[in-house]
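One chain follows as C-alpha cells, the form predicted alone.
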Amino acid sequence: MTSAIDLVLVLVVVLDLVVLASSRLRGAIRTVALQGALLSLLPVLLATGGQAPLHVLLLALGALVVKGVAIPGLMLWAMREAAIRREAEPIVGFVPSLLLGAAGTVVAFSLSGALVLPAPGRQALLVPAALVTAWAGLLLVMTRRKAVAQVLGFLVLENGIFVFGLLIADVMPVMVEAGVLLDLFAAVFVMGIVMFHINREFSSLDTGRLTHLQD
C-alpha cells in the first residue's frame, strides 16, 4: 500500500512539471484531469487499515467527478467556444517555467523534512508533493496570459491544497474538504462565464488586453 501511495504522489509531481512545460492548452487540461483522477485515489489508499469508510469513498468519488471530469470538461468547452489551442507568448517561457518548477521541487523536498507533520504516521511524500503542486499552480497563474491557463493554475493550486488536507483528514470534518471542492467548482464555473464574455467582446482571451480598457 505504501508503494502505491508513493507512486501516485511521484506521478502527481511529474504531472506538475508536464503542465508547466506544455504549450498546448488542450494537452495541459487533460494532464491536470489525469492528476485529479490520481489524487482521488489518495483518500482511499490512505484509509486506516486498508478499508475506507463511506465518507472517504464519497470524498474520493467527489474529487474524481469534480477534478477529473467536470472542471476539465468545462475548460475544454471554453476552449472550443474561444477557438484557441496554444498558449501564445507566456510571460515566462515554457522552459524557464519548467526550470522554476524543478527548482521548486528541489526546495520542497529539502524543506519538507523540517516540517512537523500533524499525523506522524502519514506518508512523508505528502508534504513535498503538496508544496510542489501548489508552487506549480502559482507559476501557472502568474506566468500565463490566457485566461484558460490561469484557471488551470487555480485548479493545480487547489490540487496542492487537497493534498495538504489529506494530512489532517482524520481530524478535519469531511464537509471542509467537500466545501473546498464546491468552492473550486463554483469559481471555475464563474471563470468560464467570464472567459466567454471576454472572448465575445475582445475576440481574445489574452488577459494582457484588459489593460487597454477605457471608459
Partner chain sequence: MIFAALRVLGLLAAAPLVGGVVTRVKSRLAGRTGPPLLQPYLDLRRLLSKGAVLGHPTTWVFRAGPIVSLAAAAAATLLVPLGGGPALVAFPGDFLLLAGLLGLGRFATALAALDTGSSFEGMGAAREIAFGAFAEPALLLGLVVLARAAGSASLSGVLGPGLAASWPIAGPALLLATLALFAVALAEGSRLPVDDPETHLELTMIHEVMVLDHSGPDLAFVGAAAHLRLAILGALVSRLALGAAPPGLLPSPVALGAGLLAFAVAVGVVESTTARLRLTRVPQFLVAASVLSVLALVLLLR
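Quick caveat, the model's predicted, so the values are computed rather than measured. Positions refer to the first chain, counted from 1.
This next part talks about the form predicted together with its partner chain, which is not shown.
message: Does any part of Val13 reach within 4.5 Å of its partner chain in the predicted bound form? Heavy atoms only, please.
response: Flag for Val13 set to yes.
Partner proximity in the predicted bound form: Leu98 to its partner chain, non-hydrogen atom cutoff 4.5 Å: Result yes; Leu98 sits at the interface with its partner chain in the predicted bound form.
message: Against its partner chain in the predicted bound form, would Leu125 count as a contact residue? Criterion: heavy atoms within 4.5 Å.
response: Contact with its partner chain, yes.
- prompt: Can any non-hydrogen atom of Thr105 be found within 4.5 angstroms of its partner chain in the predicted bound form?
  reply: Thr105 belongs to the contact set for its partner chain.
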